[in-house]
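Quick setup: one chain, the form predicted alone, written in structure tokens, and binding and motion questions come after.
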Amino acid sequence: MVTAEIVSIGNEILIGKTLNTNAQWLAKRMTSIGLEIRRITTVGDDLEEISSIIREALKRKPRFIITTGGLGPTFDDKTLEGIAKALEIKLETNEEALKMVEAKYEQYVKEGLMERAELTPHRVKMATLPEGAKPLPNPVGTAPGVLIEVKDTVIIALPGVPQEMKAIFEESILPLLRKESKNLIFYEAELEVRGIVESEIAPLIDEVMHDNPYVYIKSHPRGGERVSKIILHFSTTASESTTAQNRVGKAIVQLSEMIKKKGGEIKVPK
């Protein structure tokens, strides 16, 4: 499988002010097209922290490292500087990115959102990329996304604004990821179990996963041992949807029969 890591950047996440919905969305979206997310990390708006986590991730050699946050014009937007520091390369004004930024401000002027489209130093900052980087069009906002190839790893930097992040991902990143994953299919299903506690289900899950090596089963208790309601999540990745569904279906039937023999009740969650 194609592996990936997600790095979320921003003090607002670390202090609990902002919920990290970007990482959740990216992980779900990438998993759905057959990628394996190996790690999700959050760091603050600190140059050393950003460069350190990028170096650490590169040592693990994922195919993709996707960062979110820190591409804007303000002093605390340090993602690209951190990536450049990690790669030991220079930052430079990227002419293609600069044209993207300039076009956006000209559009804002036409729409009456501002009076002048002057390329101030803070605006040029959004077009200052690590050398050799490729800017990615931002259909929603101003700061371009950024793609950098480092040996066998592709680093992709996306804005932290969710609408901008999703727009760049869907337009510029999704086709690349689909090609890399060879259009693998991720399939998942759930069962709700009552009348049996998780500790009794655990050995049954072990046996079913042993018999169905391509299926991953995760139990999610709701309310603890005293409230015997458990959600079982089944998932697999395959080259064809029929194969994926058959794998999960077989595991569901086997585990359901075992749970019923233990006195548990099964139903499909709505």
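Since the model is a prediction, treat every value here as computed from it, not as a measurement. All residue numbers are counted from 1 along the displayed sequence.
Same protein, other form: the form predicted in complex with another copy of the chain, not shown, and the subject of what follows.
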Handout entry: Contact test in the predicted bound form: E190 vs another copy of the chain, heavy atoms, 4.5 Å
Key = yes
Exercise for the section: Spell out, yes or no, whether the shortest heavy atom distance between V197 and another copy of the chain in the predicted bound form is within 4.5 Å. Expected result: yes
Handout entry: another copy of the chain contact at P73 in the predicted bound form, heavy atom, 4.5 Å
Key = yes
Practice task
Considering only heavy atoms, tell me if L19 and another copy of the chain come within 4.5 Å of each other in the predicted bound form.
Solution key: yes
Exercise for the section: Using heavy atoms only and a 4.5 Å cut-off, decide whether all three of A167, P175 and T243 touch another copy of the chain in the predicted bound form. Expected result: no
Exercise for the section: Quick one: find which of 145-153, 159-167, 89-97, 176-184 has residues within 4.5 Å of another copy of the chain in the predicted bound form by heavy atom distance. Expected result: 159-167
Fill in the blank from the handout: As a check of understanding, the residue in L58, L47, I205, A238 with any heavy atom within 4.5 Å of another copy of the chain in the predicted bound form should be identified as I205
Problem - Within 91-108, the residues that have a heavy atom no more than 4.5 Å from another copy of the chain in the predicted bound form - result: Y105, Q107, Y108
